[in-house]
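Read the single chain below, which is given as structure tokens and is the form predicted alone.
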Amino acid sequence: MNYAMGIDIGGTKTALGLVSNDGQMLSKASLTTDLSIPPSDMVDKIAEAANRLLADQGLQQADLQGIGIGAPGPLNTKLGQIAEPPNLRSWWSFPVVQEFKRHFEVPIVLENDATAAALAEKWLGAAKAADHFVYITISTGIGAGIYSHGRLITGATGNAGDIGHMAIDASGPVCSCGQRGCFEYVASGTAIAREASYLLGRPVTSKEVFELALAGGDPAMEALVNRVFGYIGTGCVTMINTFDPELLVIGGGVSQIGAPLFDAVRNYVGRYALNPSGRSTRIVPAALQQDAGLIGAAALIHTQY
């Protein structure tokens, strides 16, 4: 049996897990991503937690085939660096792979977190039978992993699929990146909660927004949710027209709304995808939810991606 450590670094939480080569999650842990300390100190904490997971299973570092790291982009995977992710500003230009090598003498691989999640869906999830698919995560932000002709498409520096910053509404509000109407700024869970809180005059979560909209009786929330579904449909059509996938897999917190979202997106794609075959592209929920990042990070080691 071979083992890999998957590490999923996020702006608020870092998850790590020990995964066998048959995809079994043997143990996992979660740490708050403490942005008040130097990132090298945070790496020390993650490494300590990883060693505890190994010890709990009666394993040593020598039993690891490698460590896979998923992190939000932009990255530079060739250099093993966190580049400039908006939610990890204190980690900008941080050599994360080199820092982990202070603690581990095993192969260490870095990829974008959405790319890693796409690999997880290919390995164990909803895309096992697909050779051409796009995985889209819609949560705090929006990103994609692209799998085409039997392999991941990662780009020159590992940032292919950063679709959260493609302009969906050029007359829309200014995004943190400086563009107007970025996909992430108008259709993510964060965007939904921000806009609804403004309209209602009180703070609400995206989950509450969907509950209000689907219960009926609140035209403003219904209009907001329908507008968001249209934006997501636009993003999906763009992916279909660009990559000609046989399958779209949608994950992330917003996907948990289920049928209302998927029905709306399928209807939009059926109307607006350019190619007749694209209009019937299968659009399915991600099979791996909370552990997709961990499993995907471990899959960077276990699979020939």
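Only a predicted model underlies this, so the values are computations on that prediction, with no experimental measurement involved. So that there is no doubt, residue numbering starts at 1 and follows the sequence shown.
Absent from the display: the form predicted in complex with a small molecule. The rest refers to it.
Between the small molecule and the residues Pro260, Gly270, Gly253, Gly66, the one pair within 4.5 Å by heavy atoms in the model of the complex involves Gly253. Checking Gly189, Gly125, Gly233, Gly80 for any heavy atom within 4.5 Å of the small molecule in the model of the complex turns up a single hit: Gly189.
For Ser139, a non-hydrogen atom is located within 4.5 Å of the small molecule in the model of the complex, even though that partner is not displayed. Although the partner is absent here, His132 lies well away from the small molecule in the model of the complex, with no heavy atom inside 4.5 Å.
By the criterion of a heavy atom within 4.5 Å, Phe210 is counted among the residues contacting the small molecule in the model of the complex. The stretch among 154-162, 201-209, 97-105, 71-79 whose residues place heavy atoms within 4.5 Å of the small molecule in the model of the complex is 201-209.
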